[in-house]
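Okay, so here's just one chain, in structure tokens, the form predicted on its own.
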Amino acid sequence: MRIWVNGELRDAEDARVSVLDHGLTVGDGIFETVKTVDGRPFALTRHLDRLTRSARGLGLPAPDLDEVRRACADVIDANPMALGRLRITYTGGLSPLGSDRGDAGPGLVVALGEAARRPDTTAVITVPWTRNERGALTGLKTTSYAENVVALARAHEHGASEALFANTAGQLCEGTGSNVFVVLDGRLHTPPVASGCLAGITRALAVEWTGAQETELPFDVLERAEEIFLTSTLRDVQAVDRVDGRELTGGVGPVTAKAMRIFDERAGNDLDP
């Protein structure tokens, strides 16, 4: 494996960052995960736009998007695969211990790993912890993911692939690495970004392409929704067949099946929508 680290491609065993990188010591960093299909990234422009927004929100210098694109292209060329997870990580760089940033400038790492196509359906659980819709990092895709690690581990313990959060107002928010859509009375809804959820790239495309409504939803909507599905970079659109102890009968419901079909068709026709 070849990885881009701060300006050059390196073999995986030589791809190193300092133990004093602010992304490691205090989680001062942002990232994007991009799907690659047969050596081509999907929706890269949208991902880089969000990378820039996250950098601005965290107070990091704006990333050099020409360099990021070049790094992505070099990593993809160096690691051929049919379906991949391209990870772009941008950090506060070499800094003193503590929360203050140093003046060495930001760090950039781009890596690519193989991915497998997701199953059509999956199980999810709910967790008692909440998203803070008014926090300093709300809406930013930062490397501060320990809360998600804990929640996802609990999901795996219960035979599920994802954990869903409410926000502090008791509204449905998001998963650890996904957005959530529900069907009520045949209509498709998803929580608004104001709920505290990440403005997912796949979420945005699904809203545009299916006409889903952005709606404030109580957390217990999961107990009565006719259909539920998740969206994320590597899931695309994935139906939920179980929430905690509730089974959703029928496998992939008709609204979800239509959303899957629309997404596959539109994404297949345009790799940078």
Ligand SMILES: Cc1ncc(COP(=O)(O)O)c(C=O)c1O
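Numbers for residues come from their place in the sequence shown, where the first is 1. Owing to the predicted nature of the structure, the values given are computational and were not obtained by experimental measurement.
Although it is not shown, the form predicted in complex with the ligand is what the next lines describe.
- Proximity to the ligand in the model of the complex, defined as a heavy atom within 4.5 Å, singles out one entry of Gly92, Gly175, Pro191, Gly84, which is Gly175.
- The stretch from 59 to 67, 226 to 234, 210 to 218, 242 to 250 that comes within 4.5 Å of the ligand in the model of the complex, counting heavy atoms only, is 226 to 234.
- Arg101 falls outside the set of residues with a heavy atom inside 4.5 Å of the ligand in the model of the complex.
- Interface membership of Tyr145, defined by any non-hydrogen atom within 4.5 Å of the ligand in the model of the complex, is confirmed.
- Shown alone here, Ala160 lies farther than 4.5 Å from the ligand in the model of the complex, counting heavy atoms only.
- Using a 4.5 Å cutoff between non-hydrogen atoms, Thr122 does not count as a contact of the ligand in the model of the complex.
- Contacts to the ligand in the model of the complex (heavy atom within 4.5 Å) from stretch 172 to 207: Glu174, Gly175, Thr176, Gly177, Ser178, Asn179, Leu198, Gly200, Ile201, Thr202, Arg203.
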